[in-house]
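Take a look at this single chain in structure tokens; it is the form predicted on its own.
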């Protein structure tokens, strides 16, 4: 099919396939998709992409609901030598305008219901629009139906881009993290070994596929292992529990585990066929870790990754999985903790900035050379923006973030963006958005608002004004009011004071 010399991720995934009839994906409605089916359908879609003008290195922006066809579209884009750009399905047109004009894709794939609104945005950069709905139907799939399955995978080098994922930025502007074919392939292969994946595994895939966790970790690791996945549209605790006797692995964000623990059907018996439970994208509360072990007899394996780096560390497969820790640096990955100001390495158990280096670390931010330069040390270490420590046993612990980022339900939320929208509301003097501990979401997005004297503002009016301006996951869960925001002597808002004051806001 392809020369092994081709570094294209698609070639690495499928180039040495021994049995095309092997099951790759099963859907809730009973569809069975083999590895051979993935190769054939990705060939049809790749041929259609080329016919629509997609060239090597072009970006293909995708904002569609989770479906098997959507996953195959990702494989087809990579196979065609283009750059896959997934976008959260919750993003509004206001937000999409920035991503499309910044990335300048040649093709935008969206839900049919959004095509009209996106047309004017796509026209700014000369992009073509195709559609794909939650059932995998639309102009993209119809166009691909008429194409041949044969497609010569475009040769790519290790450092050529395979994907761009937008992440929150310290300036309030989202940054496009550029991920190469080798970034994705090397990290997935490492995880296959570290987590002991084999072709006997069956993954319950209930994550979205527009960010690193669901797309690159869950999907790529499964495919590299020649394993199978049961492809669910979203988190459904009771359905997941019913599937466990047929599956071996679950990957989820902390919310998955808190929701599953709410079900009386989660027992040692229902989880007895499962081999591994993995959690990431946000900190798993130590109490959730302990409760899960008590209920199921399984210790959740927590790991640490970022959009820019894929996975950096993981608790061990064999050995103690420490609650509250994210484990050891993965093979080939170096991690260190340094003084944030001087960059000097710190001793064990000293808290500082976490920095990482390895083949998993991205190539930089799209069209932001100065930001890229600022986030890398001269010796190649990436400054993560996460504060943490490495204990005497070598376990990495995350204690906070230096970038003022809120992670809610596994999604990155940058406060500045929300504050700008709130500050524009009539009657608002200023606002501060913080993350407060939340049992279900890890952190609850919380807005503290200072109103003008006499202004008739309440929680409902603020939320109503924000509706449609922000993706749902960015919307504050609570809006609180203060006469003034706490400040230090330099006039900087002390969000730590607010976090401390409201730390029990969501306590049950």
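Everything quoted here is computed from the prediction, not taken from an experiment. Residue numbers count along the first chain shown, from 1.
Note that the form predicted in complex with ligand AMP isn't included here; everything after this is about it.
Using 4.5 Å between non-hydrogen atoms, is residue 281 touching ligand AMP in the model of the complex?
It does: once ligand AMP is placed as it appears in the model of the complex, residue 281 has a heavy atom within 4.5 Å of it.
Exercise: residue 398 in contact with ligand AMP in the model of the complex, heavy atom 4.5 Å
Yes, contact at 4.5 Å.
If you check in the model of the complex, is residue 492 within 4.5 Å of ligand AMP, heavy atoms only?
Residue 492 belongs to the contact set for ligand AMP.
Hey, in the model of the complex, is residue 183 touching ligand AMP, heavy atoms inside 4.5 Å?
Result no; residue 183 lies far from ligand AMP in the model of the complex.
Proximity to ligand AMP in the model of the complex, single hit among 175, 303, 226, 289 (heavy atom within 4.5 Å):
Answer to the contact question: 303.
Position in contact with ligand AMP when the complex is considered in the model of the complex, options 438, 205, 156, 211, heavy atoms within 4.5 Å:
The option sitting close enough to the partner is 211.
Is it the case in the model of the complex that 307, 326 and 386 each bring at least one heavy atom within 4.5 Å of ligand AMP?
All of them do, each having a heavy atom within 4.5 Å of the partner.
In the model of the complex, segment of 281-289, 340-348, 69-77, 193-201 with a heavy atom within 4.5 Å of ligand AMP
Stretch 281-289 is the one.
Cα separation of residue 416 and residue 351 in the model of the complex versus here, shift of 3 Å or more:
Between the C-alphas of residue 351 and residue 416, the gap narrows in the model of the complex (3 Å or more compared with this form).
Are residue 416 and residue 373 closer or farther apart at the Cα level in the model of the complex than shown, by 3 Å or more?
Farther is correct, given that in the model of the complex the C-alpha spacing of residue 416 to residue 373 is increased by at least 3 Å.
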